[in-house]
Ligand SMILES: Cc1cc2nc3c(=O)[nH]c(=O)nc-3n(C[C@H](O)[C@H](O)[C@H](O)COP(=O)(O)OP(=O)(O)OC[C@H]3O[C@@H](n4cnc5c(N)ncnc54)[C@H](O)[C@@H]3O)c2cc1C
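Take a look at this one chain, the form predicted on its own, written out in structure tokens.
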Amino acid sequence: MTTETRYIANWGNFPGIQAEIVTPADRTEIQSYVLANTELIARGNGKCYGDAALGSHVLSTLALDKILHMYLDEGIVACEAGVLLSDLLNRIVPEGWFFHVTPGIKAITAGGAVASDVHGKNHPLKGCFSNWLISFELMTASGDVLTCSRAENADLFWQTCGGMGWTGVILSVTFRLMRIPSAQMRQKTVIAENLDEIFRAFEDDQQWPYAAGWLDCTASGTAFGRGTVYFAEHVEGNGAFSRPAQKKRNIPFFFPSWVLNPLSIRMHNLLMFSRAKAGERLVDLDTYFYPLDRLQNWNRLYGRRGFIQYQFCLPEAHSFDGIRRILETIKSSPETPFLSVLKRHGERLPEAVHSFPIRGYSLALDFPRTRTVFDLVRRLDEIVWGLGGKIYLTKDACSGPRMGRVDPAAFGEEKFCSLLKRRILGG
């Protein structure tokens, strides 16, 4: 077991905390640490954006990095909680398999995928990660290891899916894979001149299994809410499952905080919109699902101040008007989001009480962290709450305690506590 005390932050670089970080080598060491501490939180690769996996005592799961079993005749994989999705991709794609559900980055752990119950660009069709989860092993506050599934310890199973690590330490995960015909995707790009056209594209092209949109939040007038929607489907490729080497670029240092300002962000959005080309083309898996992974350490673009992602989901009946109100509120503020992603969601499993998506639309907005962005978040919270929406706890850093529509005091173990949990509880 290795132990160090240092300053850590998650991907948004805000907030940060001085923490004791312990990396146990095996389950025995994990058990010893769990029993010896009155408060701790498990942490994977730190790709959540806010304060979800931060605390004074952090148990890193990254040493739990073994793929335990691959039953590829059945499309089932079992791995330790610290295995990265990127490592699994290197094993499963050459064999003709992919994830039913994947988030937009692949450097997250399998345990983190469960704790956040991640979703992707195909929620109306495939739901969240928990839809395809068979079982997991969980170490509770007593040091006991429980197998949790829909049939065994079912309540704990569903409390842990999207439970932000508050029920215990996930040790291993077993889930189903999806057979794919090749490593190629057919991508259709639709250019929308305003917000009405963005929503019309999502509604008109529902036959595509994958969809995600980008909004230019700086546009105004007749171009208000303009953007692009990227649809995709898997295509036959004569058994070609090789993934081309990604040409990665790296941000080697934190940019000065003045680089991202309203003017530079407006120019960036203008460039993105003008370079978009309507039509269909073939792309590889990584290009469609993980475009951000091509730029390593892209969070450094925001400087050491970091950034705030505000990701919310609204019920379908209120999605268009609600997102229009959100964009108008942002336009009337001093804040300018650098990046925004719009997704459509379907029904969720009724047991998945902590899953983020609800039937409707979600919008993720990345803001440089300024002194005034917190005032904007409070204004956005009021709109989202009033329309029956919620925010994504995995990305949250500063929303009101009620906004995740979850009460951490109503379930889980007191021992497993993060900054996020303390903030929600008002501690």
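Throughout, we count residues from 1 along the sequence that is shown. Fair warning: this is a prediction, and the values are worked out from it, not measured in the lab.
The form predicted in complex with the ligand is left out here; the points below concern that form.
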{"item": "Triplet 79, 135 and 147 all within 4.5 Å of the ligand in the predicted complex via a heavy atom", "value": "no"}
{"item": "The ligand: the contacting residue among 292, 154, 270, 263 in the predicted complex [heavy atom, 4.5 Å]", "value": "292"}
{"item": "Interface residue in the predicted complex among 31, 45, 56, 370, criterion: non-hydrogen atom within 4.5 angstroms of the ligand", "value": "45"}
{"item": "Region of this chain that lies against the ligand in the predicted complex, out of 243 to 251, 329 to 337, 312 to 320, 101 to 109 [heavy atom, 4.5 Å]", "value": "101 to 109"}
{"item": "The ligand contact in the predicted complex: residue 118, any heavy atom under 4.5 Å", "value": "yes"}
{"item": "Partner contact for residue 361 in the predicted complex: the ligand, 4.5 angstroms, heavy atom", "value": "no"}
{"item": "The ligand contact in the predicted complex: residue 161, any heavy atom under 4.5 Å", "value": "no"}
{"item": "Contact label in the predicted complex: residue 123 to the ligand, heavy atom within 4.5 Å", "value": "no"}
{"item": "In the predicted complex: members of 161 to 190 within 4.5 Å of the ligand, any heavy atom", "value": "164, 165, 168, 169, 170"}
